[in-house]
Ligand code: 3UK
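Form predicted on its own, single chain, as structure tokens, below.
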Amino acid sequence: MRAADTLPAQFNAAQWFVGRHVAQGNGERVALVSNGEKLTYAQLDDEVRRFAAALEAQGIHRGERVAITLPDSRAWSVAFWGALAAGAVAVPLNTLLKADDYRAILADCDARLVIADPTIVDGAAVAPSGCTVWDAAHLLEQVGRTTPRADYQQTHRDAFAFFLYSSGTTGEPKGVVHLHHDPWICARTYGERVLDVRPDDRAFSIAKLFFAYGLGNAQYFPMDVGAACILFAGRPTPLAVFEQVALYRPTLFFGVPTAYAQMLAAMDAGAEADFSSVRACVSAGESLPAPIFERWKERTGLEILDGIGSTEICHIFLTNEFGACRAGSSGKPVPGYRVRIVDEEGHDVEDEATGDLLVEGDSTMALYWNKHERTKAVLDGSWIRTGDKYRRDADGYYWHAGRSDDMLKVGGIWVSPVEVEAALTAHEAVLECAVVGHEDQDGLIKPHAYVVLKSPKQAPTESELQLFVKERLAPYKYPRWVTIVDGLPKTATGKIQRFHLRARSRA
């Protein structure tokens, strides 16, 4: 599927996802639910056009960057869609970064305006020279006193729309450049053909809006059909999530593997959770272990549609589907995307062989901002190298074998950290774990497991956990070292930062 075959040359994503519903007479439908407040599409459309006018009054021109460092909220949505409505470029930023990280990213994207919550970061202290800084209160004040634009800026479907800075599982964040047509492609493929998003849906995402996964989940998927987005500014602890689900009764629930594990642990500890309103649970971010899938289904009666996406491809491109889930797998290609698994020479591999995953789809990024060489390294014409190792079984299901730089060669044989992690996670005492390579006394790489327990009272020994894995996997795959830790280093979106564990293992 290609946008050029369907969309007109002049296309503004904000007009499609927000303004179109008002033009079609559906302005009274609820667009946002946040902290007990409801905002209709008509109200959101008005505020988005007011914010676009305020940007123009500020002297911000088409293509210039507007950075957003806000919790998920009405102000976040107004800022994001308002920037696009003005023809500017929205740059949502991770709300858990350090000041130096913000400083580097804002300089890299050359932001003209930073909208920052002072409880997250002092915008004035991190903004580049000549950059204006607003907080959410000032944003809403500007919106309230500015006459709205009469319409949405006429942008090209291939114009820059937003940058998403990668979550940094490999280190330095990269500015991933997306175009106005990219979210439309994701809505036509995953949103329409997998989730079957409906106007009466209510979408709630644990993953926050600055994350590519969260942006689709709780903005453009529901907004594509005029459904409601449930936004939660707080930290998504299990009890907080259960409370939001009870209050707003979502029909679409989006989580990450770590969150599902934590919620199951809370349920095991006696917490009450009612997911009876939910018709679809989704997981992405990293591979969902089969035991978590099975326990969640047993607890709630709901399958989890596990899949894989990336910031570079904007959303999910491999997924399990309703009634066809295979626990532990990433499912099959989302309609509209093509997938290949290739060897080191670039040749397609046979079923059951592990290789590098390549994807083709029209939501793929245009480039990495200010990183020409890195862009060339991952883009090969219309295909992109995901950096993931995968195998495909005889039934066409894809199985994650870890990141390309996470794969371990033990005794001359490739070992997938994901496979070892899945075996460890099946132990009743293990909440979550991560496996990285560690050099032994001979300089040979062996698996090292970092394990988080459900309870300190359930503390198996290192040898017990090693034996548990040996009984389930080929002997050479067992972790030679097991380190019990209180928690794993993660990005704000729940991805494990294995480079930190690799550094710790080398120390």
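All residue numbers refer to positions in the sequence shown, first residue = 1. Since we're looking at a predicted model, the values are computed, not measured.
Quick note: we don't show the form predicted in complex with the named molecule, though the next part is all about it.
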The named molecule contact in the predicted bound form: Tyr152, any heavy atom under 4.5 Å: no
Residue contact check: Trp414 to the named molecule in the predicted bound form, 4.5 Å heavy atom: yes
In the predicted bound form, His400 touching the named molecule (heavy atom, 4.5 Å): yes
Exercise: Asp72 in contact with the named molecule in the predicted bound form, heavy atom 4.5 Å: no
Selected contact from Val435, Ala83, Ala212, Met223, since only one has a non-hydrogen atom within 4.5 angstroms of the named molecule in the predicted bound form: Ala212
Heavy atom within 4.5 Å of the named molecule in the predicted bound form - the one residue of Ser287, Ser77, Thr364, Thr258 that qualifies: Ser287
Answer range among 345-353, 302-310, 371-379, 111-119 for contact with the named molecule, defined in the predicted bound form as heavy atoms within 4.5 Å: 302-310
The named molecule in the predicted bound form - contacting residues of 380-407, heavy atom within 4.5 Å: Thr386, Asp388, Tyr390, His400, Arg403
Closer or farther: C-alpha pair Tyr476/Ile341 in the predicted bound form, relative to this form, given a change of 3 Å or more: farther
Cα-Cα shift for Trp399 and Tyr476, closer or farther in the predicted bound form, minimum 3 Å: farther
